[in-house]
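There is one chain below, alone, in structure tokens, taken in the form predicted alone.
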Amino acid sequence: MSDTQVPLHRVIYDTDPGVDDAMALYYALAHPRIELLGITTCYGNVTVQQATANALYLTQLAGRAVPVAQGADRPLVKHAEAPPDFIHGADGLGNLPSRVPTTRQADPRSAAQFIVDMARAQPGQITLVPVGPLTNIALALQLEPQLPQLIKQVVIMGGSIAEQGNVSPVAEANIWNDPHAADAVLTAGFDLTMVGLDVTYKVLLPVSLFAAIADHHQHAATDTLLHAVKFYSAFYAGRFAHMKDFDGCYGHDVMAFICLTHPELFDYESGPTRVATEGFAQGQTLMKRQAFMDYPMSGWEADIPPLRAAMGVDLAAAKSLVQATLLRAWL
């Protein structure tokens, strides 16, 4: 089957770019089976204002006029955390030495309103791919409680079922940044797949891959991505002993899009999943992995809907997809 015969995934990308967010964005723009209908921005890796500026900048560099709607600037309940500039740079893109002027402006609607408007206009057709805190999706649910019935599917990068966390022994950063929003989204009844640290911690992408992509395209977009990836990789080299001599990074967010376009590459577990909102375990994603258990503790009632969590992935195939997709003639 040719690329033109394959049905498109019509996507709203909810993001806080962020280096791995930029990888994922360019994968989405390059992939022939993805139609990017809009980008909604959130705080997280950077402030929401910087996230919006980065989304506009990255799409302009790539020559794509994708609508960008600015979203939440803080969590629903907990206090906002400082952006991790030591991971992504103060600007979220590895502290770019310069930028060309951005001429595009953000959509006047809030991210939540943009999501609701698009879902109502195209019921059952749109996939949400959130790769940051889930605040915008939770706010959209407040505006439109029927959103799970209007959205085709949700594929998130976030959480962890068996793997240790990256902001605490049990919590992944996106979920921890707004655990109340995450619990609302994970239990709302979406057709939802969670691509978390259980698989993203298995996928290491070398700087040489992005250097080859930049050399192939000779384009400002891939040059910018390469600069950001080098900064991001330097952080990982200083953080993890097994990455000290690797010269590369994790491709966290791009794995959500790989799961969308090639779900057959993953192994899954399914079950109701809740998020701890308080205490030392704040942000932990807890799946009921034994369906036969009847817990006396409240919060695990039979009406809590299940979700799918990616637990394993074909590593070689995933890496090859990143490379092959970004080497396509998409710029």
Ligand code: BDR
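Note that the coordinates shown come from a computational prediction; the quantities given were computed from them, not determined experimentally. Residue numbers run from 1 along the displayed sequence.
A second form of this protein, the form predicted together with the named molecule, is not displayed here; the remarks below concern that form.
This chain is displayed without the named molecule, yet in the predicted bound form the stretch 164-172 from 164-172, 141-149, 180-188, 89-97 comes within 4.5 Å of it by heavy atoms.
The named molecule in the predicted bound form comes within 4.5 Å of a heavy atom belonging to Asn45.
The named molecule is not drawn, but in the predicted bound form it has a heavy atom within 4.5 Å of Met157. With a 4.5 Å cutoff on heavy atoms, Val131 counts as touching the named molecule in the predicted bound form. For the stretch 241-264, the set of residues having any non-hydrogen atom within 4.5 angstroms of the named molecule in the predicted bound form comprises His252, Asp253, in sequence order.
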